[in-house]
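Next up: just one chain, as structure tokens, the form predicted on its own.
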Amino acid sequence: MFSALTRRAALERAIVKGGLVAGTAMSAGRLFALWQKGEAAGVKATPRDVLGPFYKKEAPDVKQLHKPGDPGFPLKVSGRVVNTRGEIVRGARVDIWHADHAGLYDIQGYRYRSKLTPGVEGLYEVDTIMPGHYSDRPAQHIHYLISAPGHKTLVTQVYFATDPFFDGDPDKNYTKRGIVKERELVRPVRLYEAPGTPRAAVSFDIVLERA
């Protein structure tokens, strides 16, 4: 990461050499200020959500959360962990946990739980099943707790646009019963076959704020 002084010097050289051209007459200082403002805007941080009562520490770092023969619709969840500048966050840990197909959590062991270390590109991925419904939080969801050096710890959840809870219209019904606070947390679900078995996939990128 360049320092502000180094970045400004590089930007001013680019302006002088014609690598960056302002649409109207503008000093290098003014253009650099606008550059900084654009960088500060960056990427919106992932909305927060409640932790819930079923979090357990020391989950194993595993990508396969279900076992052969487990009931439930197969689901792949993947994404990247970045900061609000869109940069890969190094040293992140991603806790994921959810209920089984019947809406029950394993509080004795670590079924459907993992604490992942994303790869060098900030990527994470798990193979699991679609969580079931339960009365306290009737929308299907997966819990997240993400921590990383130099960044604020994030607690959030991901929901599914295909969930019958949203009555076929998550844009209109995501606030139903006050379960979901942010539309962004309700993610599209893609269906595919791999191989010969129908599966679902959800992409959920995590954007952390700096501490």
Partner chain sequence: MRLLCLAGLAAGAWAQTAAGDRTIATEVTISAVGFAPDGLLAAAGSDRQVRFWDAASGAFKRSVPWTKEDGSAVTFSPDATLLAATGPGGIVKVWELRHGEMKHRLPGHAITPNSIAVTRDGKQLASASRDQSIRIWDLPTGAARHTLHDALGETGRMAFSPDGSTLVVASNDTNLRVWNTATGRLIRTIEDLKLTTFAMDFSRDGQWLATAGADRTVYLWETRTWRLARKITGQPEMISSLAISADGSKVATGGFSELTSRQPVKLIIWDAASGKPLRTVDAPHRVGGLTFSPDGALLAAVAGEKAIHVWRAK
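Predicted, not measured: the structure shown is a model, and the values here were computed from it. Residue numbers count along the first chain shown, from 1.
This protein has a second form, the form predicted in complex with the partner chain, left out of what is shown; the following refers to that one.
Within 4.5 Å of some heavy atom of the partner chain in the model of the complex lies at least one heavy atom of Arg48. The closest heavy atom approach of Lys56 to the partner chain in the model of the complex falls within 4.5 Å. Contact check for Leu104: a non-hydrogen atom falls within 4.5 Å of the partner chain in the model of the complex. Taking the partner from the other structure, the partner chain in the model of the complex has no heavy atom within 4.5 Å of any heavy atom of Phe73. Contact with the partner chain in the model of the complex, defined as any heavy atom within 4.5 Å, is confined among 145 to 153, 63 to 71, 160 to 168, 182 to 190 to 145 to 153.
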